[in-house]
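The chain below stands alone and is given in structure tokens; this is the form predicted alone.
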């Protein structure tokens, strides 16, 4: 909607739902955005700041009833137990970790995929209240992240798109097919995405975090993603594999591929994985 009057009406409708404190933060954010040449991200930056002068209103998100999704009717592939050791010291993995964009044509083993998913997004224990502990730290233990795997060259897996079920440590087959070229196009035609043996796609179910942290939740969801993403980097390094974080992609097109609405759940980052 490019009509200024239409935008004004929408904006007035939004402001009517907010407290005077939040409205004042939006006004400050608008001024900063104008000063920065139209950088609208400054509006959210200012609105999501914590201040002793006030706090945000609660958002209408119910407390989450689940910590991860399941596709109950999807065919399941039980993953092998993840490796317990790699032979590489953690400090060495941190020192040698690099973004690697050149991959050989070799396949990944199912054990390698299992290890990558478990140590990045897997359930590693149980908390005192019964909820899962995950391989990544999460704000409020709300665990908004979901993992999807596109398998192109993975031993024992048909080509296709899978959802990672961390509770069962299994893959749920969502769609068979070769989507390497489509994923490469979605990632702004970055060739290493199309050449990868597999691609891990991390998404966020926003309502889980927003049920507690209001306007600051979008920050927290990205922090969670960063924690899990570094795990992917380090596990890939320890396994002698290659990966790189990819944040440039067409959001709505990726949501269509994964059959997401891009509002309740949206993509955060891609990790193409390959042999060196």
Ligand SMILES: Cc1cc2nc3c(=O)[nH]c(=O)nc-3n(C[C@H](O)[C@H](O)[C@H](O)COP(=O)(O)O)c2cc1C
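Just so you know, these numbers come straight off a predicted model, no measurement behind them. Numbering follows the first chain given and starts at 1.
Below, we turn to the form predicted in complex with the ligand, even though it does not appear here.
Across the options 96 to 104, 171 to 179, 142 to 150, 113 to 121, residues that bring heavy atoms within 4.5 Å of the ligand in the predicted bound form belong to 96 to 104.
Contact check for 203, 218 and 254: none of the three has a heavy atom within 4.5 Å of the ligand in the predicted bound form. Among residues of the shown chain, residue 231 is not one whose heavy atoms approach the ligand to within 4.5 Å in the predicted bound form. Mapping the unseen interface onto this chain, residue 245 counts among the residues with a heavy atom inside 4.5 Å of the ligand in the predicted bound form.
A residue is said to contact a partner when one of its heavy atoms sits within 4.5 Å of a partner heavy atom; residue 163 fails this definition for the ligand in the predicted bound form, lying far away. Taking the partner from the other structure, the ligand in the predicted bound form has a heavy atom within 4.5 Å of a heavy atom of residue 190. Of the residues in 256 to 276, only 269 comes within 4.5 Å of the ligand in the predicted bound form through at least one heavy atom.
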